[in-house]
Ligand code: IMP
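Encoded as structure tokens, the following chain is the form predicted on its own, with no partner shown.
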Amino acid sequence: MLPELVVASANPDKVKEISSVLEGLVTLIPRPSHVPDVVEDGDTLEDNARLKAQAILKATGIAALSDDTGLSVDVLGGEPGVHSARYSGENATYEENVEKLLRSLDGVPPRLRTARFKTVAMICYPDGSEIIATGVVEGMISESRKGVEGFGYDPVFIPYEGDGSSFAEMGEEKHRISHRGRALRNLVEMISN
């Protein structure tokens, strides 16, 4: 029998990606619609993942799966980092965040546009225990958007492990090398041991 986990994320794009990566490995229960959004005011990705998982665990009494992801751009001192989803303000759209990032990097040559995505995935259990896994992928920020798949910064992030395509051009191939895919597979490996 597969472990049952309530997905803490309220982001439908993220839930779709999590479901795709974990298909056949766990049974995912949708986040209850009555649970309000969790304020992600932690100082780290791990703090924010914990806030989300604990809120869903408290609301349901069932083990909760959460994650938080940050994009760190070296020349920007690690920004947007833990504030990736709110880079251009509270309630920012993907488009607004990408636009701010591209403006921030205007005139920066490709060799200095190095970046990495990091995901912290977490399961919080009713007994108070938790399991934490991370996934990282190195790459660079392109000078313009490429592709229409994915979400967030996918149109401007080009992983070094790929063929030069952005995450938004990769389709399902993205899950094999992505930060979220790695973190989730690491998490499943940990719970199956």
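Start at 1 with the first residue shown and count on from there. No experiment lies behind these values; they were computed from the predicted model shown.
Keep in mind that the form predicted together with the ligand is not shown, yet the notes after this line are about it.
- Under a 4.5 angstroms non-hydrogen atom cutoff, the ligand in the predicted complex lacks Arg185 among its neighbouring residues.
- With a 4.5 Å cutoff on heavy atoms, Gly152 counts as touching the ligand in the predicted complex.
- Proximity of Glu46 to the ligand in the predicted complex: non-hydrogen atoms within 4.5 Å are absent; the residue sits far from the partner.
- In the predicted complex, no heavy atom of Ser166 sits within 4.5 Å of the ligand.
- Screening 55-63, 153-161, 139-147, 29-37 for residues having heavy atoms within 4.5 Å of the ligand in the predicted complex returns a single hit, 153-161.
- Contact residues in stretch 67-92 (any heavy atom within 4.5 Å of the ligand, taken in the predicted complex) are Asp67, Asp68, Thr69, Ser84, Ala85.
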